[in-house]
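As a starting point, one isolated chain is supplied in structure tokens, in the form predicted on its own.
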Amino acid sequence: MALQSSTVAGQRPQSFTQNWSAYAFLAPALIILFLSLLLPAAGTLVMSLTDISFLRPTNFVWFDNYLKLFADGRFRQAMGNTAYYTVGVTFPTMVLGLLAAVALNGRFRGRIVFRTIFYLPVLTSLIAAAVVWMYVYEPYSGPINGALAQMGLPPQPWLQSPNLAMTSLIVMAIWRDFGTAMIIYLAGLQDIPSDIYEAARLDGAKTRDIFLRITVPMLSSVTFYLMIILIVQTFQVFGAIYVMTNGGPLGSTETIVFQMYQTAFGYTEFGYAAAMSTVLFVAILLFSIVGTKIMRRGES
């Protein structure tokens, strides 16, 4: 193995002409990547340096949009709402997904049915799920307030209160996303050798100790991967907010992507919206790089 490694390390880099067939196979994917990601990102960056709008001639304003952005209290509120939503969705989703995966990883009758039931919300149309949850949160005829009334408690304006609206959206997102976490954790559990569990049980380890000292550490790489994709996904939340609250009440559910949409298509301030998009892109990119490095360090 060492001889093989030293031989590979001692090889000279091959020239383009020697590897032309490899580059030819990679070319379609590289062209798609350039057209779908790099070119739009470069275009957005250029737009963010202008005051482009349908209402006036376009001028380069350079970094004025960014200076305006960080002095904008409404944008800071959207950043806070996005962070609150991201943290509120990501970690409960991971915990519930892990617990469901552990519970459904055993051999018992009906486990396929339960896995399917828990995963169904992921397959449900976002718009359809949002409409159903609007009924669930209905202040006068919704089932949640109906249950509260049965217990003698007053009804709550779940989507109409600035204090409750974002939390209500978070609960819906957890319901919809934890099936994804469950499936990913189930795949990770299948890779843990069963003899480790058998050895721990022969040594007299309790179920809680097996979970905390074997299952959780051996799923660490899966946990980091899941955390990264959930955070990147929740950073870009838009559909549920657009349907259920439209950013209200009083901007309490207005996130960065929703504000970007309003700025671009509501106020036709495309340059300013492009600056928001660039800031969000850089934040997600930095987080992805840092998260990936931490994950690789943990694996090593």
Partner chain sequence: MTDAAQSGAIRAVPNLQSADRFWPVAERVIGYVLLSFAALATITPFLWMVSTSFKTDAETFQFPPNFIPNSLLWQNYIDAIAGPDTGRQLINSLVYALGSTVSNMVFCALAGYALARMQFKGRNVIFALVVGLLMVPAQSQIVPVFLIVQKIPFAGGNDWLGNGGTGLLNTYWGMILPTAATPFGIFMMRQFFSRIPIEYEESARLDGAKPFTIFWRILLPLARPAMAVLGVLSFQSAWNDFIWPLILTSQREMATLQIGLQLLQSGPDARWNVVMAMATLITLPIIIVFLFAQRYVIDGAVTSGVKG
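Everything numeric in this text was worked out from a predicted model, so none of it was measured. Only the largest set of C-alpha atoms that superpose within 1.5 Å between the two forms is called the rigid core. Numbering follows the first chain given and starts at 1.
What comes next is about the form predicted in complex with the partner chain, which does not appear here.
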**OP:** Quick one: find which of 161-169, 86-94, 205-213, 71-79 has residues within 4.5 Å of the partner chain in the predicted complex by heavy atom distance.
**Re:** 205-213
**OP:** Given the partner chain in the predicted complex, answer whether the residues Leu35, Val122 and Ala187 all have a heavy atom inside 4.5 Å of it.
**Re:** yes
Original post:
With a 4.5 Å heavy atom cut-off, would you call Val102 a contact of the partner chain in the predicted complex?
Top reply: yes
Original post:
Using heavy atoms and a 4.5 Å limit, would one call Val222 a contact residue for the partner chain in the predicted complex?
Top reply: yes
Original post:
According to a 4.5 angstroms non-hydrogen atom cut-off, is Gly251 in contact with the partner chain in the predicted complex?
Top reply: no
**OP:** Please run the contact check for Pro28 against the partner chain in the predicted complex: heavy atoms, 4.5 angstroms, yes or no?
**Re:** yes
**OP:** Superpose on the rigid core, then tell me if the C-alpha of Asn246 is displaced by 2 angstroms or more between the shown form and the other one.
**Re:** no
**OP:** Tell me, please, whether between the shown form and the other one the C-alpha of Gly266 is shifted by 2 Å or more, with the rigid core used for superposition.
**Re:** no
Original post:
On a core-based superposition, does Leu67 travel 2 Å or more at its Cα between the shown form and the other one?
Top reply: no
